[in-house]
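The data below hold one chain only, encoded as C-alpha cells and taken in the form predicted alone.
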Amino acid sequence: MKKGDKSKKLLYLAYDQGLEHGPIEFNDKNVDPAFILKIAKRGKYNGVIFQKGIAEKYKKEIKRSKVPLIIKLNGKTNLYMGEPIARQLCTVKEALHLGAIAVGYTIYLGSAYESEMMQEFEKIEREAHENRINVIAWIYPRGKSIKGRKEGELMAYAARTALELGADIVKLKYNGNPKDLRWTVKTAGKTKVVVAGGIKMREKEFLKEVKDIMGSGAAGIAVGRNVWQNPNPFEVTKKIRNIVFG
C-alpha cells in the first residue's frame, strides 16, 4: 500500500484479543490461531493482526498461508484498572524478521501516560519507515481526562492525532454516527482510517454498520469477533467483502 493512497480499501482480520481481553473470547475452534489463518486465507484478507508470540509460534503456518502479517508491537491485559498504558513488547526488527508487512501500536489518548506512548510510537514509526513498512496507530481515547467529552469529538481527535504523528493508517472505534465519521475521515487527511469491528453484534446489525462505515469514506475495517465468533465465518466474510470492495 502506497503511503497517502486513500483509494485502496482494506479488510483486516484482528486476533490480538487474547492478550487484551483474555481467552474468554474464544471457543474450541477459534482458540486455535491456525483456524484464524484459514479464515484469513479463504477470505482474502489484506492482513491478519497478531501479537508477537503467535507470529513466532505459527511462523510456518503464516508463511504457508501467504496472508500478509501485521504485528501489534504493544499491548496490555484488562486486569489493571488504573490509567491505561500499553508498553512496547516487540521491536520493528523482530517484526520484520517474522515477515510483517506492517506494524501497529496503541496510544490511549487522554491517558496520564499519553506522552510516553507517543514518544515510544515516534521511535517505532521512524524505524518502520526507514525499513519501508507501514505503521498503524490504534488510537483510543481513554482515561479520567476524557470524561464529559463528546464521542464524535474524540473520534475525530484520534484521527487527527494519527495524522499529526505521521501514521500511515489509524485504527479507531466508531461512535455509530456516519456524519461524525465523515468528518473524522476528513480530519485524518492522507492517513487512512480503518474502523475497529468492535464487540460481537447480531450479523444483520453488524453488516449495516459496515455499510455506514464504508459509506462515510473510511478505507476499511479491522474485524475480529464479528467474524471468528460467527458460526459461519467464511460466509460472513463474503458479505463483508461485498460491502468493503463491492
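Fair warning: this is a prediction, and the values are worked out from it, not measured in the lab. We number the residues from 1 along the sequence you see.
From this point on, the text means the form predicted together with a small molecule, which you will not see here.
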query	finding
Which of 111-119, 89-97, 161-169, 134-142 sits within 4.5 Å of the small molecule in the predicted bound form, heavy atom basis	134-142
Contact flag, Ala196 vs the small molecule in the predicted bound form, heavy atom cut 4.5 Å	yes
Residue contact check: Ala222 to the small molecule in the predicted bound form, 4.5 Å heavy atom	yes
The small molecule contact in the predicted bound form: Lys173, any heavy atom under 4.5 Å	yes
Contact test in the predicted bound form: Gln17 vs the small molecule, heavy atoms, 4.5 Å	yes
